[in-house]
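Take a look at this single chain, the form predicted on its own, given in structure tokens.
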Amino acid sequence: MTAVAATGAHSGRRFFFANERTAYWLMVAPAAVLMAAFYFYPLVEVLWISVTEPKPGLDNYALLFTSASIRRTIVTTLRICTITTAVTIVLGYVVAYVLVHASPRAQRWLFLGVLVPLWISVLVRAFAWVTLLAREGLINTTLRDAGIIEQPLALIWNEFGIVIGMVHYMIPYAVLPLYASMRDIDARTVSAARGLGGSRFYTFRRVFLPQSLPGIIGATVLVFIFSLGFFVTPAILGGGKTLMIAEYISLQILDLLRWGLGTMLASTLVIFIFVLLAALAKVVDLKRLFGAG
């Protein structure tokens, strides 16, 4: 009797877990189908075009090493993205540090200031910077009227203007992971270091900064990855004089109809981003970084 009951209970557990797995896959299936149809299939198609147009082979990828214009565009993109990432992380770290140590009321206002740019179109923000940075814009006009400068400063239609626009856009993407990392730092470790005679700077450098390092690494990789795909901001603030990889891809596909070259560059960019994400996953918890942990 006991053996029969145990067998029945075991069968019931197996039936329950089987039903649970079935329900899980039924819930996941629609999302998996959508991902396959609208994400993975287009990626495979782009990869396929990159090795078949204008003729089958790896000739398009060989241009990465032989074409001076492609190398120049890649170097320009990496330089701008590196500068943008460095400036963004420094500013984002300061903002996140202030957020962590602010009162709840001040935090609400600071968060509002951080998040508002995310709600404004990137096109609107780019044109706003044109208004501020142009030769006859607000900044140059103010400096000239104050007698500080005689000739307008070249603040736009160059890499400087692109970096300013990109940093403005990327600040929230640096602040949020940095804030999440700093918020988890045990304040008692900082208090203990101060109690043992450590100065504010020493305590920050030896206690607080090392514990916030995962957030710095995560924010750095995220900002750099997002910066690689910028199109609107460089196109407007660069004035066509500074070409980044996304604009170069658009030029090849839409204007010159060089589909093989354009898709090769897009594929290379995607592969590079996946490699960066894989490296990031080795250093920080991606679930926690993206708010799922």
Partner chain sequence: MADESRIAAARSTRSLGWAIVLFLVLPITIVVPVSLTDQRFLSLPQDGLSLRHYVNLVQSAAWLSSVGQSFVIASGATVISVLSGTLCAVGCWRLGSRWSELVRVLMLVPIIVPTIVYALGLYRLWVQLGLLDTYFGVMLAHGVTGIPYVVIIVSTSLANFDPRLEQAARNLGASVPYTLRRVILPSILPGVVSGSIFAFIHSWDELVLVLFIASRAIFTLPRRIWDGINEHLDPTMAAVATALVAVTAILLVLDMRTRRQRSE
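For the two forms, the rigid core is made up of the largest set of C-alpha atoms that agree within 1.5 Å on superposition. Residue numbers count along the first chain shown, from 1. Because the structure is predicted, anything quoted here is derived from the model rather than measured.
There is also a form predicted together with its partner chain; it is not shown, and the following applies to it.
Decide if the three candidate residues 35, 39 and 273 all line its partner chain in the predicted bound form, where lining means a heavy atom within 4.5 Å.
Yes, because 35, 39 and 273 each have a heavy atom that approaches its partner chain to within 4.5 Å in the predicted bound form.
Would residue 58 show up as a contact with its partner chain in the predicted bound form if we use heavy atoms at 4.5 Å?
Taking the distances in the predicted bound form, the answer for residue 58 is no, it never comes within 4.5 Å of its partner chain.
Answer yes if any heavy atom of residue 124 is within 4.5 Å of a heavy atom of its partner chain in the predicted bound form; otherwise answer no.
Flag for residue 124 set to yes.
Quick one: does residue 202 come within 4.5 Å of its partner chain in the predicted bound form, counting heavy atoms only?
Judged by the heavy-atom cut-off of 4.5 Å, residue 202 is well away from its partner chain in the predicted bound form.
Partner contact for residue 62 in the predicted bound form: its partner chain, 4.5 angstroms, heavy atom
No - in the predicted bound form, heavy atoms of residue 62 and its partner chain never come within 4.5 Å of each other.
Partner-contacting position among 182, 74, 155, 91 - heavy atom within 4.5 Å of its partner chain in the predicted bound form:
The residue in contact is 91.
Contact residue in the predicted bound form, from 190, 86, 95, 78 (heavy atom within 4.5 Å of its partner chain):
Looking at the other structure, the residue within range turns out to be 95.
Tell me, please, which stretch of 212-220, 146-154, 124-132, 78-86 lies within 4.5 angstroms of its partner chain in the predicted bound form when heavy atoms are compared?
In short, 124-132.
Can you list, in sequence order, the residues from 237-271 that come within 4.5 Å of its partner chain in the predicted bound form, counting heavy atoms only?
Heavy-atom contacts to its partner chain in the predicted bound form: 246, 249, 250, 253, 254, 259, 262, 263, 266, 269, 270.
Align on the rigid core first; then say whether the Cα of residue 25 has moved by at least 2 Å between this form and the one not shown.
After core superposition, the C-alpha of residue 25 moves 2 Å or more between this form and the one not shown.
Residue 145: with the rigid core matched between this form and the one not shown, does its Cα shift 2 Å or more?
Yes, the C-alpha moves 2 Å or more.
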